[in-house]
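Here's a solo chain for you in structure tokens, the form predicted on its own.
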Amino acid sequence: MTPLALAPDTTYLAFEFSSRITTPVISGAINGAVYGLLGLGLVLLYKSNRIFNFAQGEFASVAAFTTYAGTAGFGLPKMPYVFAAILGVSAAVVVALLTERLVVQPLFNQPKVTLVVATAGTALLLIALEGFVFGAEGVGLDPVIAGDALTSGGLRVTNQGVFVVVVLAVLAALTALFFSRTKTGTAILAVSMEPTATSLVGIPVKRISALTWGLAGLLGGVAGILFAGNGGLLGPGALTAFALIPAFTAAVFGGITSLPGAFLGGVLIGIIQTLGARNIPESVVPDANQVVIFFVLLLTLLIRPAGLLGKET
């Protein structure tokens, strides 16, 4: 009788482990990859301008909405997904560059809190424009690649999820090479550490600032398309509401001055968020997926403000 009694329990425990641990870890890592991309843009701008960019989530939204417009033929000629995505990322880069030129540069010598508030104002303006053009109800953006890569019991990994992880890995490698092997990448790091000294030796600080904002727009644009395609529904301000705070937490947790820390922090925050949502009952902690993020952010600021890989500034 004992072996017969143990078999169902073993199966049940295996299923519980899969649904409560394995699946949340995998899906959390996929979401975290997107947080890492947004977080990397935040770190870049913090290192170069010493500000937190509240508009980073809306750079992502601009790319996602533009991609939707291209694929659905909404105000644009209907086009294949890849061309719509390229157009979307390009739109995000243009908006980031316009933000740098029209908002950041005129206020560059003002207190940093003024710049932070200005980026928040930019985000609110972009949210209003998105609502005016696309409506407040939201639209649906298809995934880049449909279908499932793996289904086993309660575990489901979509092709979109695999694509997100691959894109993160490629961009992480390219970013590392850019900052370690190119003169432009070295110049950006130099400006972030000693802007006055670098201007004295002939490095164009304003041009480097514009380039950094353009890179932040590119990373945000890629993240926005992947995040919206993974979730399906896209509304005005959705990425700021659901992705910006996790991305900021990822940047702080990984190290607000560390580029690799942004990637690592994003993946870890995604996993922590999904584990919390799956294992903490709503009756105990409502909206546990958001609460755990704020808890990690507060704990990091209290115990290790520099983050896992960051340095004190």
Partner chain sequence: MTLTASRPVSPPADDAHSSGGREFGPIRWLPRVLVIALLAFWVLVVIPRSETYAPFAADAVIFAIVGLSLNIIVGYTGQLSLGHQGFFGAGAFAAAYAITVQSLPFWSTFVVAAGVGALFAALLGVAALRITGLYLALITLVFGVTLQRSLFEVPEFTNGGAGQPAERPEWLFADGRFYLFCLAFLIGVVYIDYRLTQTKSGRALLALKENERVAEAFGVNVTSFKLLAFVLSGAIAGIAGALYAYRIGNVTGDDFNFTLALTFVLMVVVGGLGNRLGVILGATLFAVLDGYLLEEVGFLHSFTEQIFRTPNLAQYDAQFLGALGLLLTIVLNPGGIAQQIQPFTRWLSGKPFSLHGDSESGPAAVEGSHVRA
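What you are looking at is a predicted structure, and each value in this text was computed from that prediction instead of being measured. Residue numbers count along the first chain shown, from 1.
What follows is about the form predicted together with its partner chain, which we do not show.
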From 149, 177, 169, 133: within 4.5 Å of its partner chain in the predicted complex by heavy atoms is 133
Here the chain is shown alone; which of 33, 252, 45, 269 has a heavy atom within 4.5 Å of its partner chain in the predicted complex? 252
Partner absent here, but in the predicted complex, which of 182-190, 139-147, 82-90, 96-104 has residues with a heavy atom within 4.5 Å of its partner chain? 96-104
Close approach of residue 22 to its partner chain in the predicted complex, 4.5 Å, heavy atom: no
Heavy atom to heavy atom, is residue 285 within 4.5 Å of its partner chain in the predicted complex? yes
Quick one: is residue 275 in contact with its partner chain in the predicted complex, heavy atoms, 4.5 Å cut-off? no
Verify the contact flag for residue 210: yes if a non-hydrogen atom of it lies within 4.5 Å of a non-hydrogen atom of its partner chain in the predicted complex, no if not. no
With its partner chain taken in the predicted complex, which residues across 44-68 come within 4.5 angstroms through any non-hydrogen atom? 46, 50, 51, 52, 54
